[in-house]
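Take a look at this single chain, the form predicted on its own, given in structure tokens.
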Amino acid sequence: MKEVLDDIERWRTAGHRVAIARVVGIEGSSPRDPGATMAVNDAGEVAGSVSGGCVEGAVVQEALAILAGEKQRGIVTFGYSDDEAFAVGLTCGGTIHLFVEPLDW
């Protein structure tokens, strides 16, 4: 989380809304460990990483949907057997569980 704090502060100072995606669980092989964090602002700017690039694009879309009020905060899962996850590149053979929520501070 520390690696994204400066970006979050800069975005919030500029008036942007921010969502946080955090790895909360893994099964099998995973590119990042639990606790890995990515921040996304309402303009689509990104800081940090939750998958080393494998599913970042899909996570950005989830975060933007939450910021737009189209989805509720919650757990998002990507795994090798998930057709969507495979399409966006999670080929490490494992599963990652992310909690995505708007930042309200």
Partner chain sequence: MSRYDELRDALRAGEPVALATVVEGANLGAKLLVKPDGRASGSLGDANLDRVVARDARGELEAGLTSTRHYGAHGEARERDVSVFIESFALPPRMIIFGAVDFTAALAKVAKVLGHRVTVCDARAVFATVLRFPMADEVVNDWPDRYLAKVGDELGPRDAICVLTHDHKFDVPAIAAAVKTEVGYLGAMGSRRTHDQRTVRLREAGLTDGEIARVMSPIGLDIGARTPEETAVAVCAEVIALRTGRRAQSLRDTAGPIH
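Numbering follows the first chain given and starts at 1. Predicted model, so just to flag it, every value in this text is computed and none were measured.
The form predicted in complex with the partner chain is left out here; the points below concern that form.
Chemist: My question is simply whether Gly52 lines the interface with the partner chain in the model of the complex - judged by any non-hydrogen atom within 4.5 Å.
Modeler: No.
Chemist: Would Gly44 count as a contact of the partner chain in the model of the complex, using a 4.5 angstroms cut-off between non-hydrogen atoms?
Modeler: Outside the cut-off, so no.
Chemist: Can Lys71 be called a contact residue for the partner chain in the model of the complex at 4.5 Å between heavy atoms?
Modeler: No, Lys71 stays farther than 4.5 Å from the partner chain in the model of the complex.
Chemist: Answer for Gly35 alone: is it within 4.5 Å of the partner chain in the model of the complex, judged on heavy atom distances?
Modeler: Flag for Gly35 set to yes.
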